[in-house]
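Quick heads-up: it's one chain on its own, the form predicted on its own, in structure tokens.
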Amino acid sequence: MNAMANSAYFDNYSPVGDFISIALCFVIIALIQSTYVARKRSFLIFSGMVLFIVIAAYADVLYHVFYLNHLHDDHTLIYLFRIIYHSSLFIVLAGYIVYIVEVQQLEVRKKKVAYILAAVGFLVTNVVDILGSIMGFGFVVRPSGNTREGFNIFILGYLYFVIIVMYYMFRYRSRLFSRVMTGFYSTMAVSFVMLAIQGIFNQSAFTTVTFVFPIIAMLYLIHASPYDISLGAVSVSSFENHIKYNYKTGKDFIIMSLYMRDFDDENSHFPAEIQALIREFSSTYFRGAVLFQLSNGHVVLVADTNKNPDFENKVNSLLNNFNKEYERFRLDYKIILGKAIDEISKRNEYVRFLRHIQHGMPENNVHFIEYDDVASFNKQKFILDELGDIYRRKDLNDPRVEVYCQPVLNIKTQKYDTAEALMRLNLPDIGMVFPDQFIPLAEENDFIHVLSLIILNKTCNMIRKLIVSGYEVKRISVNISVLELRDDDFCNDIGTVIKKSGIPDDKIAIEITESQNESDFLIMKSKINELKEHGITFYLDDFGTGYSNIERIMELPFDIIKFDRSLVIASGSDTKSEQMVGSLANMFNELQYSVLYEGVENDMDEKLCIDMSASYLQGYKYSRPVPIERLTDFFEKRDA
């Protein structure tokens, strides 16, 4: 009776299920090849599981082919392909365990336990399966060609692996985003149901297919999905698609942005405790909210206002709880909250809009979006568009870029024979734009070098006019961004502009702010040395602010050290500060550096700086920045 049942079992077999499994695996491989997938350890495990499902499916087909062709004299191939089939499926089951603990990023000790459980399960099930056929208590092909199943270790092994997988998924569920968990559970439930239906109808055709479903879930939820499985966030491109969809369908939404600068560089990420809090906050307060990660330290939560009619109460509750957590962690943050702005939604510019607001916010503050923010953002956008146009035209006489100058008093001669050139933009519709509004934009978008060349060109041309008109011009300095020094053509560009103007090289000085970046320091040293050979003078700008390394300064061939206004203020506040600043200035003088004090505003500042070894003085006491043409009001003509 048992033999007849097994014969019927084989007679009812169809290779369709196995061929579907093979086809699905090849589709998965094709998708992986046509998209970018990070080659992490979890992906290698995933790839191995796909490979063994293909092997299992082929082995299952061959196993049934050899049996159904009545190879009664030699049953070796039947046993061989059955063992390969079961072993491959057990490898996949063991792979589920290894994969789960890998993506959960468990500690090494916990991973080892999981690996041991997987290895033990694989070895025991395979050994019992093989011994069952050898010793006769398992699967046996009789001389007549009929089979006897006997003790079925496959079902027990399957249950063993499933229980362990479920245990790790439930035990360490906090390590994964809840929607990812739901996806895994759903696909595994479908697999269980299919296996149960097969058992009821005494079929085995779709056993291999049930192993493919969780593989598809892994591909979609982890390797091909925008979800960050630890944080529960989706990508910036998904954020833009979400905004576009909401605008087209007329859905109103609220937006909540959290920025933490400590984690916003390419080598950083939110620590586990912060990730847990973000997951909790994103799923607790708002119904149907979606979390997006715009950068390593910047996440945005978007919630439908129709699904959250009491969103104002929810926002207040969220902020109250956030403040409690802040007391615990004390990490700097910037939070932006508000309802959707139709104008920004239409242009789908929330990423830039939020970053614009962040830029002007103090740390550890909450900002509620207002229409003034839109006006400010639109102005910035207009400025950026104009900067882009200036960059593309590369017209060194572009009228939108204007040169202002602040005269500098030479203490030794008591004359104004030097000045600092300062950049301004004069744009249609909005008028004069000051450096703090456009320099950061120009640096972020690589427009700064063209602006510097324009200022240099206009300064050189004005110096030529002054010299021709008989004025004494010792030099005029131009500010250069450290970022420009990274350009291989920097020195050539500077030299070409000066040469075309026809003025001596020593009439130009370059002001640079020190960088703490090691590679920038080495580049700076090289470029300064190269240009100094042509007679160009170099100023170290803003000494006393941010990063100032005396040892580094000594390695760089600067000519003049500019002491920042903050040092002038500090010197006037107490004797100790005055002695310290004075000692630094005296040391630089003895080392053949000239000292220029910025921000001199009154007679008291002037006397203080002169007493502290000043060579040059600059500030509102002498003049505010004026159009470069007005330097004739300060520079003197040479004696006839």
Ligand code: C2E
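Only a predicted model underlies this, so the values are computations on that prediction, with no experimental measurement involved. Start at 1 and count along the sequence shown; that's the residue number.
Keep in mind that the form predicted together with this ligand is missing from the display, and what follows is about it.
Visitor: Contact between Asp373 and this ligand in the model of the complex at 4.5 Å, heavy atoms?
Guide: Outside the cut-off, so no.
Visitor: Just checking whether Arg424 would be counted as a contact of this ligand in the model of the complex - the rule being heavy atoms within 4.5 angstroms.
Guide: Within the cut-off, so yes.
Visitor: Does this ligand come within 4.5 Å of any heavy atom of Met524 in the model of the complex?
Guide: So Met524 does not count as contacting this ligand.
Visitor: Indicate whether this ligand has at least one heavy atom within 4.5 Å of a heavy atom of Ile448 in the model of the complex.
Guide: Result yes; Ile448 sits at the interface with this ligand in the model of the complex.
Visitor: Of these, 125-133, 474-482, 349-357, 211-219, which stretch puts a heavy atom within 4.5 angstroms of this ligand in the model of the complex?
Guide: Every other range fails; the passing one is 474-482.
Visitor: Which residue among Asp542, Asp417, Glu386, Asp228 has a heavy atom within 4.5 angstroms of this ligand in the model of the complex?
Guide: That would be Asp542.
Visitor: Pick from Val600, Ala56, Ala585, Leu596: which has a non-hydrogen atom within 4.5 Å of this ligand in the model of the complex?
Guide: The option sitting close enough to the partner is Val600.
Visitor: Counting only non-hydrogen atoms and a 4.5 Å threshold, tell me whether Gly232, Phe281 and Arg287 all contact this ligand in the model of the complex.
Guide: Checking in the model of the complex: none of Gly232, Phe281 and Arg287 is within 4.5 Å of this ligand.
Visitor: Looking at this ligand in the model of the complex, which residues in 555-579 have at least one heavy atom within 4.5 Å of it?
Guide: The stretch touches the partner through Arg565 alone.
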